[in-house]
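Let's start with one chain on its own, the form predicted alone, as structure tokens.
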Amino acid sequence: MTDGVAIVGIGMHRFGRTKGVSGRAQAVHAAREALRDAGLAFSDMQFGFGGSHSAGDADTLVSELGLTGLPFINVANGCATGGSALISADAAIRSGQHDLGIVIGFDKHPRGAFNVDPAEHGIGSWYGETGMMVTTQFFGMKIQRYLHDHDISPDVLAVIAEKSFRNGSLNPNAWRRDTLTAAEIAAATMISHPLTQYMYCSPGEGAVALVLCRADQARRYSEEPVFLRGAAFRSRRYGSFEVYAPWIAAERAESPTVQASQAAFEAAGIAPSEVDIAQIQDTESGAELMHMAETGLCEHGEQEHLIRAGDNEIEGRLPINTDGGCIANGEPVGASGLRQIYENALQLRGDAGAHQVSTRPHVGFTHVYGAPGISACTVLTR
């Protein structure tokens, strides 16, 4: 057994659309960058976890990275694929099974909305025939209810997206590099009320890889290791209101985000009030709004005041989605969760360039949420 896990190497292939480059090739690029960052070779890796939704099996990457015989396990868990790979690696090291390994998340989705078969989620075909498998409708209904229940103005959704595009414009690895004003975002094509075109993220491409090791060995490989203090994954409970749910219970229960974030903070021994920077799931603007409170970073109903006061800007009291989040980066499902870890690692190391938080954060938090009601959270420190 070991007391801790550290991230000693990070690598990324730019998110967005990269014509002529496969998802696997993007993953190989990210892996080699992470290994270079740690000063290690793939032959040094004792294990691998990785996954993608639409770009192939992660274990086949050994054809390019090295046929070393290491155990490389494919992970597929929707939007939490990257987070699940990281949690699996964390367990492999903490248990004492391995000292050093790599996690890789990547994807390359076709243009347009995800085309999901209801049968894959145990739902009747009627659900798809009514249009509900197109998740834009679910997210529109969910945020309508939340805004009503907590007396929040819909106008704040455009302000959130404006921040995402502004932060993305400062991030060389982001897909969307052009800024948009809140007025332009609010006036864009309405997709599912109250969410307009630019309040949603889009399926895209990209890859991220991380090299992890025992915390007590971290400084062998990095002068600026980032420590994984807590990591937790939870699925939905009866009564929670989740994407791809064909019914809703009379009695409501908390989202899996609530349980996952509480478990991650408890494991880390760190309170939400101690977080200096957060990357949270923003499939659309309303998701960022809801997840701010569900993760414990603020109270329900408090978000509008914090957002309008600039608290979540890069130079605010609690910067959120400093790399532009999903809205500016898009969502390659297999890579999104690890993108958040990559961004927090950059920020904790002081290496984020134009989008660096000037006070150099000490505690970072990440959160992903996805179908059919799953969430993965981490707490990181330097």
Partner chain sequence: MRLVDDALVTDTPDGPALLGSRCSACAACTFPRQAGCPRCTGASMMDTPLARHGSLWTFTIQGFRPKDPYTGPEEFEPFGVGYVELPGQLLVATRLTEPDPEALEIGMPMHLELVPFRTADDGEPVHTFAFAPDREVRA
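Residue numbers count along the first chain shown, from 1. Everything numeric here is computed off the predicted structure, so don't read it as measured data.
FYI, the form predicted together with its partner chain isn't displayed, but the following is about it.
None of Pro154, Pro272, Pro71, Pro118 but one reaches within 4.5 angstroms of its partner chain in the predicted complex through a heavy atom, and that residue is Pro118. The partner is absent here, but in the predicted complex a heavy atom of Glu129, alone among Glu299, Glu129, Glu223, Asp178, sits within 4.5 Å of its partner chain. Proximity of Ala249 to its partner chain in the predicted complex: non-hydrogen atoms within 4.5 Å are present. Although the partner is absent here, His305 sits far enough away that none of its heavy atoms falls within 4.5 Å of its partner chain in the predicted complex. Its partner chain in the predicted complex comes within 4.5 Å of no heavy atom belonging to Gly230. Interface residue remark: Gly101 is not counted as part of the site for its partner chain in the predicted complex, having no heavy atom within 4.5 Å. Across the options 276 to 284, 257 to 265, 81 to 89, 143 to 151, residues that bring heavy atoms within 4.5 Å of its partner chain in the predicted complex belong to 143 to 151.
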